Each structure stands twice: as structure tokens, then as C-alpha cells.
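Take a look at this single chain, the form predicted on its own, given in C-alpha cells.
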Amino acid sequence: MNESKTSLAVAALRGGTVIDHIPSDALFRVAHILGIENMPNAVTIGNNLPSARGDKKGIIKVDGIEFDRPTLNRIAVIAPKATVNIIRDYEVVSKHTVELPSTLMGIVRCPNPKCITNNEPMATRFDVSDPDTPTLRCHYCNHTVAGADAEII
């Protein structure tokens, strides 16, 4: 095999999902949201990799799984500029940036201990003010939290 010693080879996916451009400080939170620690599928994780955008990034490759919209919505809260690549037969068939909906239902825990959602059996509801650097406002108590600091449920 005649490969340059300066390149790193990672096996291509036959099918699955690649989540790229994850902020390095959010990578392991994203891995937890995906449930990677309990997954029998092959997973590749890279962190603090150079990015064309000039910063450091993380990447997660998961063999054999295409994640659903609710899972991607959870990722969008803490990594709003992450990109999702769907792979089939070794080809990228879909590439898009995660999208944060304007309202999040049952995704984030309200940090206000007096909020009704922490004291009654009801789903949380947050309004998103800026999808690029999310600030979330609880619909019930008006408490705000930065997306990067949000507790995902």
C-alpha cells in the first residue's frame, strides 16, 4: 500500500450517518444524545480536527443508522451549525445543516426549579430566539437559557 504518512485513513461507510462540524466542546454531548455508548454499530469519533472555517471541529460517523428528526433537533440545540450527511452505498445522498425549530417541545429541561414543568407531569416548551446562537425562553415561566448550556432530555 502506497499511502502518504501525513494522511489518516478511516473506513468509508456503506450506509449510515456522518455528523460533521460539531463544536469540539459539544462533541461528547452529541455522542450522548445519539446513544453511542449503548450502540452495537460501528462508530468513528474525531475531535479537535482542523476545520476549513478556521476553528476546531468534531465529527461522528455511525454505520447503518439514519437518525430521526427529533434526535437531530436535540443536536441542533447544542450544535446549531452541524451538518448531517446521509450515506447509502458509499455515496452521500443527502447533506444538510441541522435545523432548530422555532419551538422545542419536550427536548430541554427548564433550569428554573419553580417552573411548572419541573413540578407537574407536563412537557416543556421553549421558544427559540436566534437559531444560529440559540437562546431558549421557557413558554411557562419565561426563564431563558443559552442553547450551549441547555440540559437536553
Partner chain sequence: MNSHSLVAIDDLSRNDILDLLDRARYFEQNPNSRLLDGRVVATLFFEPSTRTRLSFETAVNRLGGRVIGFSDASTSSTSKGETLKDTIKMVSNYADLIVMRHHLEGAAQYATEVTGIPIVNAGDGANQHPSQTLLDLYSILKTQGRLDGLTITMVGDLKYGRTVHSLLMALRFFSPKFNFVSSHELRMPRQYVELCDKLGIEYHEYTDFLPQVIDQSDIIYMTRVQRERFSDIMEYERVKNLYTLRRSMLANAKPSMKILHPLPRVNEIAQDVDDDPRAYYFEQAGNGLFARQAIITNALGIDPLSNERK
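Given the structure is predicted, the values throughout are model-derived calculations rather than measurements. Residue numbers count along the first chain shown, from 1.
Missing here is the form predicted together with its partner chain; even so, the following discussion is about that form.
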Practice task
Name the stretch: of 93 to 101, 65 to 73, 115 to 123, 28 to 36, exactly one has residues whose heavy atoms fall within 4.5 Å of its partner chain in the model of the complex.
Solution key: 115 to 123
Practice task
Using a 4.5 Å heavy atom cut-off, state whether Asn142 contacts its partner chain in the model of the complex.
Solution key: yes
